[in-house]
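Next up is one chain by itself, shown in structure tokens, the form predicted alone.
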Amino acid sequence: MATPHRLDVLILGGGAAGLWLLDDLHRLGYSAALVEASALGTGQTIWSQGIIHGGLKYALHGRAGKAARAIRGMPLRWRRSLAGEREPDLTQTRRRAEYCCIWAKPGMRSRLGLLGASLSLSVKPKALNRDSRPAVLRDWKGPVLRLGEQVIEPGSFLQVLADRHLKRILKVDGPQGIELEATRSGHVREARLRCPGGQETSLQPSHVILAAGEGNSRIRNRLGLPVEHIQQRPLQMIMASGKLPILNGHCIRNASPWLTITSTRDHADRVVWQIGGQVSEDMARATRPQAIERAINDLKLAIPGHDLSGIRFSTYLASRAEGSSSGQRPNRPTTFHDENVITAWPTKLALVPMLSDMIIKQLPPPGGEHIFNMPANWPTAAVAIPPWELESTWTTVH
């Protein structure tokens, strides 16, 4: 094996957090590289609905708590990047929607939830008159509001960042394609990599960032680092496909997001709804038929009168990997710093920029003397395929 390449930072994991951090580090003068064992965004990023949340879920109770305060400035930060007004320049990212709708199921608690959101969010929801509403909500009897949460296409976002750093993203031959040499205390001295074609190389990073989502716990285990404060919260997301209207937003019931729906299109130009919210949490451990039946019944209540006949339904299992020092649901991004290893979780897609800032504050200034050169003919990783393009089992509503 050739002489190891020295570099300032090695990132393990090519999802939203890893790619955003790689971009920030490169612009700040760090010698950095990213390693991906699968496809970019596999897991949490490609599964996500793409909403740049501004704290609605936390603000519905009328209190701007820690979670709401942490996230409410993120939509503006993302909006500026998506407009090309600040780095990273994300102007080429496809948007599903420029805003989300909120509509409340009739009931006092739902109405109070919307009032709480309007008081606690930095960008206040605005009421939509009948003609301004999405067609499917024109006849909704309750309030329908516009919320300044953009919705992006996660795969497109990943591709935009990856295209900027093709020479710094290394594809390895699965989890077994990376071997970390570390001290007993977890200080990483060297990373030996093997690509799918069998070529090998070795890196000597000053710092290692674990941004691999669910994979973080496996890597920490290999390094002998504790994993008791790592948690996973399961979801069963529902997908609907067919002649559906474009809809992006949240239906509120009992002062909480009951259904969250975002719309995209598949390879055959069919509209696909990703359906999350309370239904995806409640049905996390249910069978697929049970989850689909629950989603159909909820949709009939949230969008009454809309014909679901001929619409195909399916589900996919997702797991939110998080770090928490208290065992509770974290309010903001989480990092653990052990020796020269920083383990990171953004908690939500919207909080990825905040996570990158937190990590950079924990790093020394760039070394300046290292220049990373990707080994010749080493493959780079492709972006993951979204779940609706992989699913072969669909249930049609008759």
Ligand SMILES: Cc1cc2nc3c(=O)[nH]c(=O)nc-3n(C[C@H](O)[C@H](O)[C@H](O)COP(=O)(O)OP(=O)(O)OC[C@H]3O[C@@H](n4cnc5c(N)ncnc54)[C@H](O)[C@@H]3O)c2cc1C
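Quick note: we count residues from 1 along the sequence shown, nothing fancier. Not measured: the values here are computed from a predicted model.
The protein also exists as the form predicted together with this ligand; that form is not presented, and the subsequent description refers to it.
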### Message
How about N254 - does it come within 4.5 Å of this ligand in the model of the complex, if we only consider non-hydrogen atoms?
### Response
no
### Message
Residue-level question: is F372 within 4.5 Å of this ligand in the model of the complex, judged on heavy atoms?
### Response
no
### Query
So, in the model of the complex, is R320 in contact with this ligand at a 4.5 angstroms heavy atom limit?
yes
### Task
State yes or no: in the model of the complex, is some non-hydrogen atom of P125 no more than 4.5 angstroms from a non-hydrogen atom of this ligand?
no
### Message
Among the candidate stretches 211 to 219, 239 to 247, 159 to 167, 301 to 309, which one is within 4.5 Å of this ligand in the model of the complex when only heavy atoms are counted?
### Response
211 to 219
### Query
Pick from M354, L363, I342, A39: which residue has any heavy atom within 4.5 angstroms of this ligand in the model of the complex?
A39
### Message
Can you list, in sequence order, the residues from 7 to 38 that come within 4.5 Å of this ligand in the model of the complex, counting heavy atoms only?
### Response
L12, G13, G14, G15, A16, A17, G18, V35, E36, A37, S38
